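One chain comes next, on its own, written out as structure tokens in the form predicted alone.
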């Protein structure tokens, strides 16, 4: 048995070697980051794309691969946080967008391109009769929640502890689960500074995969509640699948207590033509969409039952105002239509099979290496969790990341050192250009990275080793 001080020295040596190798490969990115710090707080405009010691600057993408400004090539297993179903520079999407660019980008007028994409989405997604376009998932969940409040005439929306629905005030509540809390029913908590305390008058929080807790909340407060918002498989919370019957139970509870059920399918739409609601065999009252529906452009939408969405008809006496300078812009509409036409049932089924194979291989790898971790998800979306125990709530998923030091961050950098681009929370997202060879490449890189990190794991998180 090695002395703890020796283990710490070995862990520090591994950490330093990984970071130094990253620095040696990315001198151009380092220089660009230093310049960016002069103009952008933190050097970027998206918190999600920053990582220490500095982020790599990607210069080009083609299919499943990225190339950074230093010429390093990466298999893209992030795909701009799941938004690029077809990877980068898909020829048909590029052609459609370029052709529209020669006609004009946006006209401040009605556009036939909106109708074409809306027609496809309403045909595919079971819970959408009518929809409106926005530019981001945040806007879509914001407007969906407003529609629910207006329809029910009540202020409160229930969200899940650990659920992420964008960056507007009314969803920046309890996004980070309180892992030390003992109470089954969590208390709503503002996520950070700058959020008005009044937000907590309009948001309540319940745990994921717990119908009893949700019913207890509804029994007490349903006359004040307009709706329940949920990602059917929470993305930022860790891609934990819903327990059998959970989503159907939420549908039944919403009906029993006269509240609306709101699905945030900004991420999960890619898992079936009709999104996760098709997989679950139910219809929410309202649905938010985004990411893949723009074909790589900033396009999102919200929609639902005709009686709810008709409130946005400006010919109505008391209509709900919703506009936006770039809503439904023609380039995004044409790119999105092309992307979705190519992401048909057969294409989705193929990358879902590849994703399930990838997840199974990662779990077999953990077993072979004696690492107590697991990969969870569905189809083309998979994520690593640093525990081999049962994960039911998003609080459980957050606890798995405690007391592991910089393991997630170092695995992310070492995967980049080995040519795989993802994110330090351990998300893996597949795209249609990928074949078995790309997955084999990613699995080999992951196996080598985990072996490289074994001394670090032994020193910092020995609970993860079965040896």
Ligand SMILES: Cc1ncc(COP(=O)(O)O)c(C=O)c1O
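Positions refer to the first chain, counted from 1. The shown structure was predicted, so the numbers you read here are calculated from the model rather than taken from an experiment.
Omitted from view is the form predicted together with the named molecule, to which the following refers.
Peer 1: Which one of 126, 241, 324, 166 is close to the named molecule in the predicted complex, taking close to mean a heavy atom within 4.5 Å?
Peer 2: So the residue touching the named molecule in the predicted complex, by this definition, is 166.
Peer 1: Quick one: from 295, 303, 137, 162, grab the residue that has a heavy atom within 4.5 Å of the named molecule in the predicted complex.
Peer 2: Exactly one residue meets the criterion: 137.
Peer 1: Considering the named molecule in the predicted complex, find the one stretch among 146-154, 304-312, 263-271, 334-342 with heavy atoms no farther than 4.5 Å from it.
Peer 2: In the other structure, the partner sits against 263-271.
Peer 1: Examine residue 385 and determine whether its closest non-hydrogen atom to the named molecule in the predicted complex is within 4.5 angstroms.
Peer 2: Taking the distances in the predicted complex, the answer for residue 385 is no, it never comes within 4.5 Å of the named molecule.
Peer 1: Indicate whether the named molecule has at least one heavy atom within 4.5 Å of a heavy atom of residue 277 in the predicted complex.
Peer 2: Residue 277: no, not in contact with the named molecule in the predicted complex.
Peer 1: Residue 291 near the named molecule in the predicted complex, any heavy atom under 4.5 Å?
Peer 2: Although the named molecule is absent here, residue 291 would touch it in the predicted complex, with heavy atoms inside 4.5 Å.
Peer 1: Answer for residue 235 alone: is it within 4.5 Å of the named molecule in the predicted complex, judged on heavy atom distances?
Peer 2: Flag for residue 235 set to yes.
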